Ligand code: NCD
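So this first bit is one chain, no partners, the form predicted alone, shown in structure tokens.
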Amino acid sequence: MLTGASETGRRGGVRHLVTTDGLTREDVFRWMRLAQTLRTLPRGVLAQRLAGRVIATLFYEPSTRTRLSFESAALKLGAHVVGAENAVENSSAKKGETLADVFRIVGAYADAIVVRHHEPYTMVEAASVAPVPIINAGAGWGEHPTQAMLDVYTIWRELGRVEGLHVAVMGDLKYGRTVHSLLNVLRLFPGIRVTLLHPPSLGLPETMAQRLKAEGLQLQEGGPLADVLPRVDVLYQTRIQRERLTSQDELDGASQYRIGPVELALLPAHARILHPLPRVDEIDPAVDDDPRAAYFRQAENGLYMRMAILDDLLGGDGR
């Protein structure tokens, strides 16, 4: 059902990135190395890699960073971009067209489709009929594979390694699709320990937690921030997904899972703070200028990682 460049990522001979299931550590490192290469190439050379290709971007939910970074990535690689923003209202979805039919039709116009959808699992099934690569740019509360890839890329660039780190994830772990994909990728690296910090009603879905543990990821529930933060290498902060809450009761206790000067002072000097953005009030702007605040560098890294994924799935450089 999956992704990547391996055979397991092929559906009908086409490679997709619709879930982090089935990715290998080799996939991750290949994309990280390619992202490093692409960020060093001269503009003219870069623009030849996907010259003449067409990338379609379909966004059924709001997006700023993901949509613009994908479109910029495609343009920098020399591809053309066509698309629909607010596709729920501005596409045939309003008439009831299925995502599978959308992929069949748009796949006749474009060489790859980047799609954000409001349903968590529909994309995986629909990709099976797509004639071109499908890239998941966020699916409801389910997954966000390319965000996980740029998150791991940022950790690697900031700390020089991924394996053997202590990562704390904080905030909305129930509806936070970026957390779901990130943890699924971190399980590929040996020695990773993950501490979960969240309001009582917004913990990681139990079935997901049990599966990750069964596959070797060291997961533990956190205690007071004063006990956890001095021992972490990475603090991955997320916003509360208010648009997905089923009850305001789920917000109980959320105010204590924020980062300000007091929490910053608890972090080791080498630690890094990541956030998939956008933020609301869970990171005080006073934190922004601290060298440990890596979230704006993380957003920039997303451009190069998405360039690498497009380049790999479409066979850049004439491949």
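The structure presented is a predicted model; accordingly, all values stated were derived computationally and were not measured. Numbers follow the displayed sequence, beginning with 1.
Keep in mind that the form predicted in complex with this ligand is missing from the display, and what follows is about it.
When contacts are judged by a 4.5 Å heavy atom cut-off, residue 260 does not count as touching this ligand in the model of the complex. Using a 4.5 Å cutoff between non-hydrogen atoms, residue 178 counts as a contact of this ligand in the model of the complex.
In the model of the complex, this ligand sits within 4.5 Å of a heavy atom of residue 66. For the chain shown alone, residue 293 is not a contact residue for this ligand in the model of the complex, no non-hydrogen atom being within 4.5 angstroms. The candidate spot formed by 49, 76 and 133 is out of contact with this ligand in the model of the complex: none of the three has a heavy atom within 4.5 Å. When this ligand is considered in the model of the complex, only one residue from 287, 277, 54, 32 comes within 4.5 Å through any heavy atom, namely 277. For the options 166, 157, 174, 239, the residue carrying a heavy atom within 4.5 angstroms of this ligand in the model of the complex is 239.
Partner proximity in the model of the complex, defined as non-hydrogen atoms within 4.5 angstroms of this ligand, places exactly one of 121-129, 202-210, 102-110, 141-149 at the interface: 141-149. Using a 4.5 Å cut-off on any heavy atom, none of the residues of 295-315 reaches this ligand in the model of the complex.
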